[in-house]
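Only one chain is given next, in structure tokens, and it is the form predicted alone.
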């Protein structure tokens, strides 16, 4: 599995982008072009040459962070390989700068943050579609709504844990925060996503009937039948 630090693109633009992600993650979007240039060991003029403005640099960072997360999720979901999944868990601290960047974007708000969230939703929809095609994820009656729910749920969990750790300004050890989130969410998430929560589809049937949808007659899942 490709880790978050495995990007071998060492062009000046890539070094600037990666330096900006780390700087934005730790300091926020008030970080200056001069600071980012120093981190990337280039001149401020070269940053402007490649990206034009800091907002444009941030848009590039948004796209790269989303892409890194999408690729990692796609690899794990489409393979459905316990070994790959456990390797991903072991490497979770590699994603600390990405997690910090995501939280900073959420806290900053504004149009760029809104577009970033929509990009994340699109990425979730994409990797779920790929997992459906691979036969590892069930189809949804409303793929768009499912993607939005899962994206916002994941972002909300991360933001909540950061806030419980004293807020983004005080959560200096993002790797520890990410490890804590992973430790307490992995088992319940796998249980819910794999085995479900409700013992039958009574509530789903009632809701679909209310909104004019169609659903099979009320029956326990085949998995639950086997467990009994």
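Only a predicted model underlies this, so the values are computations on that prediction, with no experimental measurement involved. Positions refer to the first chain, counted from 1.
Heads up, the form predicted together with the DNA isn't pictured, but that's what we're talking about next.
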- Mind telling me which stretch in 156 to 164, 197 to 205, 181 to 189, 53 to 61 gets its heavy atoms within 4.5 Å of the DNA in the model of the complex? 53 to 61
- Query: Is there a heavy atom of residue 41 no more than 4.5 Å from a heavy atom of the DNA in the model of the complex?
  - Reply: yes
- Message: Can you work out whether residue 175 and the DNA are in contact in the model of the complex, taking contact to mean some heavy atom pair no more than 4.5 Å apart?
- Response: no
- Message: I'd like to check something about residue 46: if you look in the model of the complex, is any of its heavy atoms closer than or equal to 4.5 Å to a heavy atom of the DNA?
- Response: yes
- Query: Hey, in the model of the complex, is residue 69 touching the DNA, heavy atoms inside 4.5 Å?
  - Reply: no
